[in-house]
Each structure stands twice: as C-alpha cells, then as structure tokens.
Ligand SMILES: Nc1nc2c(ncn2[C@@H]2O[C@H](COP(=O)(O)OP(=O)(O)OP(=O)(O)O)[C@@H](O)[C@H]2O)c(=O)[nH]1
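Next comes just one chain, in structure tokens: the form predicted alone.
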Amino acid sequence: MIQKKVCMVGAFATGKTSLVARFVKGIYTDKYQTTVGVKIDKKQVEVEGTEVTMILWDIHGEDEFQNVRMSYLRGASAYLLVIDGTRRSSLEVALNLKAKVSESIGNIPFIAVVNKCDLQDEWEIDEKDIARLKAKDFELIRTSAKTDIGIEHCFHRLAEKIINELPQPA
C-alpha cells in the first residue's frame, strides 16, 4: 500500500469540497461553506492491484481577495484542477493556478475537472474552451458532485496517473 497527497486546486466555489465529500463519504449538500485554509480527508482506492491511500487536501479557493498558498502543495503527488462550468472566470483562475503549481512544485500528474455538469444549460464554458484545454494536453473529465457523475472516475484516473509515475523496479 502507498499513500499519496492529492490537492484540490481551483477558484472559490467551484465544488472542490463537494467533490471530496461525494468521493470520500458519498454525500452532497447544497449548503455552501467556504473552506478556510485546508481540509484533509483520505480514501483508499485500488489501482492495478496496488492499494493507494489518497490523502486529499481540499485547499481554499482563489479569488480576488485570497491567493492559494503554494506551501500547501508541497509534497503533493497529483492534483485536481477544478473548474466551475457555470463560471467562465473560474477557467482563467484555473489556468493561472496551473502555471503557479507547475512553477512551484514542477509538473506532477493532474486532471482538469469541469464540475457542475448537472447545470449544463447554465454553462459559460463552451466547446471552444474545452477544445482549448485539450489542445494544451489537459486530461479533462466532466463531473457533478450533486448527481455523482464522473466522481469515482476522476479520482480513480488520478490514482492511475500517480501509479504510472512511480519508479519501476529494475
């Protein structure tokens, strides 16, 4: 069994906490509570016969008043870059955070998550935006913490990326 730190990164109110709650506890609530600092949860998954304990760091969102502390990312093996499909501004924040993360801790595995796909008719993120992310080689998964769409898949896929990054025995 291995333990790996995984960070949730994105603008405020993109659904980072809801994604973690749905994945770890199988629950969802409409009550919004801003994350202050960082909240840590964990969940074990099995990937290719290996038990991986994902230590999930739900980091406060970035907005015009508060920047993500890059020190929270230290030691991370991977991260989810969370975008709110209903807010175009969250895409630009995500792209800026991606650059900051890469500069701060290097190129580690990540998955871009476009959350709130249950509200597709309210999306400000369009297919051109999706194509732009894919052109940057972003692996992109559409999710909904509310309806449990894509949640297991995005975390399991991230665990696979972590396993594939491990040094192989000679």
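Residue indices: 1-based, along the sequence shown. All of these numbers come straight from a predicted model, not from anything done at the bench.
One more form of this protein should be noted, the form predicted together with the named molecule, which is absent from this view; the next part is about it.
Participant: Tell me which stretch of 43-51, 23-31, 102-110, 128-136 has a heavy atom within 4.5 angstroms of the named molecule in the model of the complex.
Facilitator: That would be 23-31.
Participant: Looking in the model of the complex, any heavy atom of Cys154 within 4.5 Å of the named molecule?
Facilitator: Close contact is absent here: in the model of the complex, Cys154 is far from the named molecule, nothing within 4.5 Å, heavy atoms only.
Participant: Wondering, does Lys146 line up within 4.5 Å of the named molecule in the model of the complex on heavy atoms?
Facilitator: Lys146: yes, in contact with the named molecule in the model of the complex.
Participant: Although the partner isn't part of this model, could you tell me whether Leu56 comes within 4.5 Å of the named molecule in the model of the complex, counting any heavy atom of the residue?
Facilitator: No.
Participant: Contact with the named molecule in the model of the complex for Arg142, defined as at least one heavy atom pair within 4.5 Å: yes or no?
Facilitator: Looking in the model of the complex, residue contacts with the named molecule do not include Arg142, since no heavy atom lies within 4.5 Å.
Participant: Between 1-24 and the named molecule in the model of the complex, list the residues on our side with a heavy atom within 4.5 Å.
Facilitator: If the 4.5 Å heavy-atom criterion is applied to the named molecule in the model of the complex, 1-24 yields Ala11, Phe12, Ala13, Thr14, Gly15, Lys16, Thr17, Ser18.
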